[in-house]
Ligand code: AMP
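Just the one chain here, the form predicted alone, laid out as structure tokens.
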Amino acid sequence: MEIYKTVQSLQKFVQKQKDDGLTVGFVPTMGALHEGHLSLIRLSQATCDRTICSIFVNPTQFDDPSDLEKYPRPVERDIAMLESENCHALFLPSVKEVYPDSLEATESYDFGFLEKPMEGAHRTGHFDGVAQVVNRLLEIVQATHLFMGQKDYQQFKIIDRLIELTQRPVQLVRCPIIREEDGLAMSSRNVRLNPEARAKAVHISQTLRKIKAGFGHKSIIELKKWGFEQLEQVDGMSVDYFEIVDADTLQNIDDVSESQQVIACVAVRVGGIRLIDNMLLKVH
């Protein structure tokens, strides 16, 4: 695996692949890789001729400075994991390399309602930072395909809209959530859970599965209320939101017949760690 730390060196590599008529898959990450990330690498390799992974802890998408400071950065371990998957290239830039004109030099995008509910309501400026870094990375990498996980579903919808707004010639691929054996969605934050919090966190996916089982048999209002209460009653767990929304627009719905695709999205805090998850309840 080749490791590139500058934009110029990476772009030289990408251009060579394109000159040879090869497709290039891109998996942007913030490191602390786990099986969920590796599933994106494998899907990219199955789809494209070459796969590039980036590791960049983006400072502009953290609304809490302490969260940025505590974010795990096991770079050597990450490199070893990527090498074991035969990833073709790793982009490992500095903040200055990604943002040569300072962090404030950012373009603003209008994502409409997509950025307002759920994560948007709880993490001020988060999606501005996400859009800023993904747009910059797409500008640098010039990939033909972009692979992103479903776990950050609202983020996925934001990036889908970003590509539409910027008209970048890249195909966005949504990859399924990878879960631990007990159902907990894989996340880089999971390593920060103490044993007690880790045991409680499994209630998130269990609740989502029960919501899916009850979908169509109970009203949306009843399911949302039940889901929220199930998680709030777990000692030491607090719910930021539990929503059941249209999977395309993220708008609230009152009846299952209103939307072709419906998704349940949740964010909770357990043991001081914030976790998100979601589950598609209805797919067209």
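Everything numeric in this text was worked out from a predicted model, so none of it was measured. Numbers for residues come from their place in the sequence shown, where the first is 1.
The same protein has a further form, the form predicted in complex with the named molecule, not shown here; the description that follows concerns it.
Proximity of Phe111, Met118 and Ala267 to the named molecule in the predicted bound form is absent: no residue of the three has a non-hydrogen atom within 4.5 angstroms. The named molecule in the predicted bound form is not approached by Asp128, whose heavy atoms all lie more than 4.5 angstroms from it. Although the partner is absent from this view, Pro176 contacts the named molecule in the predicted bound form, with a non-hydrogen atom inside 4.5 angstroms. Although the partner is absent here, Ala197 is not a contact residue: none of its heavy atoms lies within 4.5 angstroms of the named molecule in the predicted bound form. In the predicted bound form, no heavy atom of Gly227 sits within 4.5 Å of the named molecule.
Looking at 205-213, 144-152, 161-169, 77-85, the stretch with residues near the named molecule in the predicted bound form, meaning non-hydrogen atoms within 4.5 angstroms, turns out to be 144-152. For the candidate set Ser259, Thr29, Thr60, Gln45, a heavy atom within 4.5 Å of the named molecule in the predicted bound form is found for exactly one residue, namely Thr29. Contacts between stretch 244-260 and the named molecule, counted in the predicted bound form as any heavy atom lying within 4.5 Å, involve no residue at all.
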